[in-house]
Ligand SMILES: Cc1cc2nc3c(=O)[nH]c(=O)nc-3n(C[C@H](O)[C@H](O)[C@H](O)COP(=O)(O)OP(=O)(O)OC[C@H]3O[C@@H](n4cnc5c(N)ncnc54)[C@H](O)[C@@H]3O)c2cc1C
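What follows is one chain in structure tokens, specifically the form predicted alone.
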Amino acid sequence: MKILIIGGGFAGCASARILSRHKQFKIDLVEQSKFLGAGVRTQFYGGHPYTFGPRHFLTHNKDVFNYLNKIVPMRSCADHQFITYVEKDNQFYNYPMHMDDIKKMPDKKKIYSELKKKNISKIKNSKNMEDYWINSVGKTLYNKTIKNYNKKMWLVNDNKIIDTFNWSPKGATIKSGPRAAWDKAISAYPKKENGYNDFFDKLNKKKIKIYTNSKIKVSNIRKKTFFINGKMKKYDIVITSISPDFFFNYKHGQLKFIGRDFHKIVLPVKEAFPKNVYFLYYANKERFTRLVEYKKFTKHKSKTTLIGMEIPSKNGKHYPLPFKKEIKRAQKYLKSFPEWYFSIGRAGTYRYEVDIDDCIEQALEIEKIVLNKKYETALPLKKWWKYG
């Protein structure tokens, strides 16, 4: 049985690695760049290991963690903390916001008053992101901690344009205790300085033919024929982690994504951030959204430290847009795939919240479906098409 996997990021490589465990599968893996791993691949700058954006591993699924840990030994980073800078107060607060932070705010009386007026019915019936957050935390907190961050994150002039808003795991509730959902998650990062690279570089090349720096073109989607570097090939199963509009010549319009400009900054100190702080978020009108200190993850030893700065842009397809119009467009494409196509990963499912653990989980689910040879059992994969 011949399997084509399009996209050599985590989703594609997880599928290739998992399916190559079985003798009956012959696998071709096609990637347009010169290397596998996409933004999760560890690169080096001034000797410092880094990835394109922070790529620590978070999951509630122990089986998924155990699977990855056998291939890429992991260390815990459960002590990681996020903080956010609010220029109006000239203060750093927890990210996401905590009730303890409000006690420190100069306008705390006004905030407490607005929080008391919170109406669950209004929250549930909110029509856009601005209304959702104002109904949840009040106008004062919204204006100084949420408004500008989301405008620059999604490159919009008005948060009312964003008409989905319950996709973030951080939610709209201000916690008064531990963040139960994520504080209880497994949080880890690879022990080796090359990060996750062994997951990509040590694929079974006897079972997987890897095409990097390669171009692919659809010949006949129903017959599962494709041109790879100009040569036509036919397959039984196709697994893709790229944007689904590609396969249908963008007939419903091109799906929109937000990209990132990524800047590397080396500072002449061993560590720049406070202890256990891995991320600094910025909730104001500066162009960048966050800074990351990579040594916190990698434990790299150096007299200097590497900071990553992320600026939202139209450079690349990193984040699907949380707009109902775009989600409906994506679902049209996904529902048009013939049998034995699986569209996975963040771009493939057009879901912002899909991460490394989800990519592994999807690949394991595909393995069960393919081994059972019952396409109808693929229907659970459609849960990844639904927007929460």
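Just so you know, these numbers come straight off a predicted model, no measurement behind them. Residue indices: 1-based, along the sequence shown.
There is another form of the same protein, the form predicted together with the ligand; it is not shown, and what comes next is about it.
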**Message:** How about I6 - does it come within 4.5 Å of the ligand in the predicted complex, if we only consider non-hydrogen atoms?
**Reply:** yes
**Request:** Although the ligand is absent from this view, report whether D355 comes within 4.5 Å of it in the predicted complex, heavy atoms only.
**Result:** yes
**Item:** Exercise: L68 in contact with the ligand in the predicted complex, heavy atom 4.5 Å
**Value:** no
**Item:** Heavy atom of N61 within 4.5 Å of the ligand in the predicted complex
**Value:** no
**Item:** A330, A38, A363, I27 - the one with a heavy atom within 4.5 Å of the ligand in the predicted complex
**Value:** A38
**Item:** Residue among R290, K256, K144, K224 with a heavy atom within 4.5 Å of the ligand in the predicted complex
**Value:** R290
**Request:** For the three residues R17, R75 and A185, verify that every one has a non-hydrogen atom within 4.5 Å of the ligand in the predicted complex; reply yes or no.
**Result:** no
**Message:** At 4.5 Å between heavy atoms, only one of the stretches 103 to 111, 239 to 247, 118 to 126, 264 to 272 reaches the ligand in the predicted complex; which one is it?
**Reply:** 239 to 247
**Item:** Partner contacts in the predicted complex for 12 to 48 (non-hydrogen atom within 4.5 angstroms of the ligand)
**Value:** G12, V30, E31, Q32, S33, A38, V40
